[in-house]
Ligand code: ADP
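Only one chain is given next, in structure tokens, and it is the form predicted alone.
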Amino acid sequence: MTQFQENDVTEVWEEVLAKDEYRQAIQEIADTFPVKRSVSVKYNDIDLVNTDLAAYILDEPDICLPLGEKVIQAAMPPSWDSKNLVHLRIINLPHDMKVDIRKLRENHLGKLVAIEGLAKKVSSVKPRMTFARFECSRCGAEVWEKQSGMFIREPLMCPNTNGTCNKQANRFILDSKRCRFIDTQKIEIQENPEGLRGGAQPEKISGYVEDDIAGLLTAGNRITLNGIVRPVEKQDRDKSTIFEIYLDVLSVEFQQHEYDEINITDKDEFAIKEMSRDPLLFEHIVASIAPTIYGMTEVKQAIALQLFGGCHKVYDDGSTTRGDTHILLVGDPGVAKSQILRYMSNLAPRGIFASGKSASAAGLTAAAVKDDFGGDGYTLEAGALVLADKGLACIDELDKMSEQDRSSLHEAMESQKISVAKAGITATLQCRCSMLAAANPKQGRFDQDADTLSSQIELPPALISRFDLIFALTDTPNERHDREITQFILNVHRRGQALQHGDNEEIEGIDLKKIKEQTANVKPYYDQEKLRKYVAYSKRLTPVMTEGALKMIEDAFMKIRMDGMKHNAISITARQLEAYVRLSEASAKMRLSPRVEEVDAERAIKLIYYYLSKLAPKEGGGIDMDRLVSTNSNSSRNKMKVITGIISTQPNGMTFKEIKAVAEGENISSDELNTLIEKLVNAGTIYRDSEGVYKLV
């Protein structure tokens, strides 16, 4: 590495800062200080002036940056107060200086690097002392001491020469009113989940953001931090030779585009467009989703569309509509719900996996946690949904989440924001993500004949209604189906065994090559990397609905709606209408089409009808939406009205036996009557007196 003298470095800074762009920035600081007090210099501009010095700045930022700040100070007008701090911040560092947190080593200490990641935890902004003013307790002499680090450094001796203060131990009094301070914010950044492989845990590093760039960050932001890696001694009682590292942040860059991390070359783009022309594209993408799990065709179709997602819309009045699709899987234990969630969290370009029960302190949404910045305050920590912003959140055991998460989830799913007002912190965090969630039935097994879905799982109807698609996965004995599953699972294991052996290996009595050929259906049609790039490319599109597709969706929605009106029931709501649009948009994006056509609308209509007919069938045919979004189905409500009508005929009330005798004529069975009476009592409509007689309240 070429060594430079101070005057060489100063000359280069003078040449760089002489550009019109930077001269205007310096003039703006002189006019508006302290509103603006930083000059952001692009690394490429330094590189164009002197390539060797640009590299030297990366290696020796502590030498070069103060010299640049002196050049800025010298360029200020004569009236400028030299005590006013102006910062020189370098942005857009070269790609080879972007370092993964897990790859930081001792050779990076003291170097200027760029680190990309998610802001996991952000403290409140606090003042940090930079220059401390002390008074000698003996003679009152003024002593200024420059401060660095977290602990106050006192003067060693009094500088007053007129006395004996400097010849004996002294006590110094801190004058905090006249000390100089600077705003400081501590942040914790973790690696982007999409960059991890093999289920690795994301590494974290703390950084300190100071002065005018403090307070810009919130938890969940995707950012690039440009800063100097510094060692810090562990605060143990015994001195240790093992040091922690932190980032002294120089500048912050916000990532604006959601799929920046996936680099799509011209060659990739050509392959993606070729792939989009495949007439069986949809079937092949579905075959690439969890191929080691047998069947579940409709579930995999829905998840494939969720991966591509609909279009986020902003209207003239500023209101928005989400484009992300939410899917809920409900079912018996052992039907591979968790397996699908884990697979998708690895496949999706931005996938986060979390469990509703074993979530961290931040839970699914966000939490105020104890501040480790050296104070007694609280810090905002992002939860799973915030970290999955513009990606896919796979939440297992959603029914076992905390009450705090449950209350926040309504807003998170619909508005895609989380409002936090805890421990003196008020903030709004973005969570623009799709949710793939799984929940288990209360009784262990899913009952298709249950009155409502909310009676099956520990989720309120208002939350269930926010899912675009809901699938019930049941484990029902069936000899033919069970044999197919058994054979499939055994073949998956057999293929796994065969793959551990090389192509040229041989085992007596076993044809490894034949096993691999016979179980080729377990292999994904498209490999994960290719599919991730295809999904990332499709996100650039915003397809527009054709007249034909619009008419198909309108007719399908109105048909189900009118069927419900005939039976005085709500068969479908506007939320399902929006789900039609989102799914059809996703289908068009999957084809890389600028238009939503009839084939896309038909795909959405089939999926929504499939789940409604399975989970909300009405007695005598049709769909009863109340079975999904209410605590009582339409049929139950009608029967409850019949029972209250029966009881109202007797002013002195009726016993269960008397009610049962009349109810049998209305086709209400004894078991059903028990359930309905219990619901009426819980609702406070009727009550049972001490003699066992039921009366109206």
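As the structure is a computational prediction, the values presented were derived from the model and not from experiment. Heads up: residue numbers just count along the shown sequence, starting at 1.
Beyond what is shown, the protein has a form predicted in complex with this ligand; the following relates to that form.
Worksheet entry | Answer option from A214, A579, L429, V335, heavy atom within 4.5 Å of this ligand in the predicted bound form | After the contact test, the surviving option is V335.
Fill in: Candidate from Y294, W80, Y610, F181 lying within 4.5 Å of this ligand in the predicted bound form - any heavy atom
In short, Y294.
Worksheet item: Exactly one stretch in 220 to 228, 337 to 345, 511 to 519, 404 to 412 has heavy atoms within 4.5 Å of this ligand in the predicted bound form; which is it?
Response: Looking at the partner contacts, the answer comes out as 337 to 345.
Worksheet entry | Contact flag, I264 vs this ligand in the predicted bound form, heavy atom cut 4.5 Å | Flag for I264 set to no.
Discussion item. Taking this ligand as it sits in the predicted bound form, is I245 in contact with it (heavy atom to heavy atom, 4.5 Å or less)?
Written reply: Flag for I245 set to no.
Discussion item. Please tell me whether any heavy atom belonging to I489 falls inside 4.5 Å of a heavy atom of this ligand, as the geometry stands in the predicted bound form.
Written reply: I489 belongs to the contact set for this ligand.
Discussion item. Taking this ligand as it sits in the predicted bound form, is I485 near enough to touch it, meaning that at least one heavy atom pair lies within 4.5 angstroms?
Written reply: Contact check for I485: yes, within 4.5 Å of this ligand in the predicted bound form.
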